[in-house]
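Take a look at this one chain, the form predicted on its own, written out in structure tokens.
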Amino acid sequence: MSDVTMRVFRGDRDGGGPVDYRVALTPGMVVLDALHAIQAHQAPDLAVRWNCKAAKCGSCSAEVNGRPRLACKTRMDALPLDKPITVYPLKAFPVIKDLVTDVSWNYKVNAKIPAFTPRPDVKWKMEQRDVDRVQEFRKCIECFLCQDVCHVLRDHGKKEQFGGPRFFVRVASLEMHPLDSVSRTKLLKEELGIGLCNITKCCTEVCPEEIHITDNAIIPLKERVVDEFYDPLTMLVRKIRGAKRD
């Protein structure tokens, strides 16, 4: 059995820095196991969120060796063990303590999105392909890794102008539902700032549920916004209809 150095951020809103801990490796160990070992034997006051330890609750999000990951899904033997393994809190959100960040902003964004609103007197029958299309988006566990890696939030801090990939996924699950009756394109354009996304696919790369965020959610939503607000033919038709009403 060998040891590995875990370089873990310790601190709070006022600042902090990395602290090194030596942890004994065991077969099948994941990063969350190493953090629990530190809590059990060296730093009982180490703050880290976790719940299911099955990569389904999204609680244990952190930046391991600089990459946003789920600590419970990141195997130690998949990391280079000849140098310290760094574990830092999500950069895009304010630190509360150690590896715990304040992600409450996400729930404020979520509250802006109109809920599922079925058409009145609709027959609740759907084709399987329609079910499959929206079901992919329902796999989201709200780990907020996609929010953390998005440069608009991570590097530019545009939380007032941008909703982020997690909520483009949520809007897509509603907009593409064949029984929903509400249009959210104006919200996407004016409040969620989908135009700021330059589709680098970094959000797709870190998604633990392997949701095709960019290709299946963001790009189709961008197309809807363009069709609604920038398509010249649509604008001409609206102009003609407006003239006729006048």
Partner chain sequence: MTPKYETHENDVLIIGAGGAGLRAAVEALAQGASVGVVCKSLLGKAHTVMAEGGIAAAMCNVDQADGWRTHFRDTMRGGKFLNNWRMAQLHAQESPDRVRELEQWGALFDRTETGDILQRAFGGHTFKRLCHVGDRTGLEMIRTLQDRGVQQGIDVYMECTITRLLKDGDRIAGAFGYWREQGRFVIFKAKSVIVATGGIGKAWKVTSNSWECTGDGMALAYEAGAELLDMEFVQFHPTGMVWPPGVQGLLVTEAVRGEGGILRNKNGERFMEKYDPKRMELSTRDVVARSIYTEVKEGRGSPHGGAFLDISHKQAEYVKRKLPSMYHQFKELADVDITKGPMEVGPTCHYMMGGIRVEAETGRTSVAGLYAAGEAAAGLHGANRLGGNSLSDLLVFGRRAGLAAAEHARAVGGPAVDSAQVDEAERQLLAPFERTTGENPYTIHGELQDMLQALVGIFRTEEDLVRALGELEKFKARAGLMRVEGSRLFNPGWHLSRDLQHMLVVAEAVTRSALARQESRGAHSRIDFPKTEDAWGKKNHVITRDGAAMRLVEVPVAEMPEELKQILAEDK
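Positions refer to the first chain, counted from 1. All values reported here derive from a predicted model rather than from experimental measurement.
One more form of this protein should be noted, the form predicted in complex with its partner chain, which is absent from this view; the next part is about it.
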| query | finding |
| --- | --- |
| In the predicted complex, Asp20 touching its partner chain (heavy atom, 4.5 Å) | no |
| Proximity of Arg13 to its partner chain in the predicted complex, heavy atoms at 4.5 Å | yes |
| Gln135, heavy atom within 4.5 angstroms of its partner chain in the predicted complex | yes |
| Partner proximity in the predicted complex: Lys53 to its partner chain, non-hydrogen atom cutoff 4.5 Å | yes |
| Position in contact with its partner chain when the complex is considered in the predicted complex, options Cys146, Cys72, Ala92, Val87, heavy atoms within 4.5 Å | Cys72 |
| Contact residue in the predicted complex, chosen from Leu196, Leu46, Val64, Val206 - any heavy atom within 4.5 Å of its partner chain | Leu46 |
| Residues Val225, Pro232 and Leu236 all lining its partner chain in the predicted complex, heavy atom within 4.5 Å | no |
| Option from 181-189, 216-224, 54-62, 196-204 whose residues, in the predicted complex, bring a heavy atom within 4.5 Å of its partner chain | 54-62 |
| Heavy atom within 4.5 Å of its partner chain in the predicted complex - qualifying residues of 68-106 | Cys72, Lys73, Arg75, Ile96, Lys97, Val100, Val103 |
